[in-house]
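Take a look at this single chain, the form predicted on its own, given in structure tokens.
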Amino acid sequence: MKICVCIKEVPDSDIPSNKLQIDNQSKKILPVENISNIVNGFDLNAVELALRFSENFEESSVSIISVGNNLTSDVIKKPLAMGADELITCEDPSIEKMDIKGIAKVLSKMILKTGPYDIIFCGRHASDFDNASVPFGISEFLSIPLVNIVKNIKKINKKIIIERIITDGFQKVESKMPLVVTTGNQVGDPRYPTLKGIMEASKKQIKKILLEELELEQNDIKPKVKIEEIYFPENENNVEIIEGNSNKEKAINLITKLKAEGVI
């Protein structure tokens, strides 16, 4: 079973907004202080599900694929420390200017070049822009099916049986391989890297593919989506303290206020 997981390096989503700044020229959000990036949380969920699935086979491999510019080696090696077999990257300054279609195209070309893979795992969306579109682009470019928001996956005979989350419960579907699977925190917490895993990951070399090796046309990666503005939303809510000598009086004053505002 040959598996790959697409991951993305993103700013830490736990960083408060006052520790971030907006670069209006590049249309990017940057940390004010020297704060390191992380692997997108849902992508780590995808790594966890891929590793669990791979453990059911005597012969299996899990490859990690990532694109970007100036990727942080120690950050994107975390899936290797968790148990993945290899890390493949494509780094180029032009990648920062690509939209979701361009990124999906680059990832698809990398998958074709390093594959074939039986299953491609992705996080359901990234925590920086929440587009949730790249896995669907990969599915479209590779002309293979996609099953999203997956909780569990197993192989029975030659079919893949998938349990996915829907609005009011669970849905069980079956698919042939190859396919794309997206997942998130419904998988549970990703495993912690062991000391042995961290040591082995530090010794592994990142396999790097140059953008020109992917034989892409300029039109393939030309942005079709233009970001006009990035901004932090402003909270304009007004807070008013309802006074009163007792809880009963406060309740009466609150109801009177709500009636005057036309709320009730």
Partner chain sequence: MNILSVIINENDDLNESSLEIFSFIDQLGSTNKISSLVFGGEKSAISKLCSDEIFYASVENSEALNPNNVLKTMDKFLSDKKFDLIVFQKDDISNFVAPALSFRKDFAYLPDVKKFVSKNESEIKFVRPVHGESAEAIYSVDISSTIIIKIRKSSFEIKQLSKQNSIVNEIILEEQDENTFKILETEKVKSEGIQLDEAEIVISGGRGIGSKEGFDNLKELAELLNGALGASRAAVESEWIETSHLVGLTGKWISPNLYFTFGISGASQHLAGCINSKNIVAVNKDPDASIFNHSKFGVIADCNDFIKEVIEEIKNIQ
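Given the structure is predicted, the values throughout are model-derived calculations rather than measurements. Numbering follows the first chain given and starts at 1.
One more form of this protein exists, namely the form predicted together with the partner chain; it is left out here, but the text below deals with it.
K.L.:
Find out whether any non-hydrogen atom of residue 75 is located within 4.5 angstroms of the partner chain in the predicted bound form, and reply yes or no.
P.N.:
Judged by the heavy-atom cut-off of 4.5 Å, residue 75 is well away from the partner chain in the predicted bound form.
K.L.:
Although the partner isn't part of this model, could you tell me whether residue 96 comes within 4.5 Å of the partner chain in the predicted bound form, counting any heavy atom of the residue?
P.N.:
The answer is no: residue 96 has no heavy atom within 4.5 Å of the partner chain.
K.L.:
Test of understanding: in the predicted bound form, would residue 128 fall inside 4.5 Å of the partner chain by heavy atoms?
P.N.:
Residue 128: contacts the partner chain in the predicted bound form.
K.L.:
Just to confirm, residue 194 within 4.5 Å of the partner chain in the predicted bound form by heavy atoms?
P.N.:
Result no; residue 194 lies far from the partner chain in the predicted bound form.
K.L.:
Only one of 199, 210, 32, 227 gets a heavy atom within 4.5 Å of the partner chain in the predicted bound form. Which one?
P.N.:
For this set of options, the contacting one is 227.
K.L.:
112-120, 175-183, 75-83, 88-96: which one contacts the partner chain in the predicted bound form at 4.5 Å, heavy atom to heavy atom?
P.N.:
Of the options, only 175-183 has residues within 4.5 Å of the partner.
K.L.:
Using the arrangement in the predicted bound form, list in sequence order the residues of 149-172 with any heavy atom within 4.5 angstroms of the partner chain.
P.N.:
Those in contact are 161, 164, 166, 167, 168, 169, 170, 171, 172.
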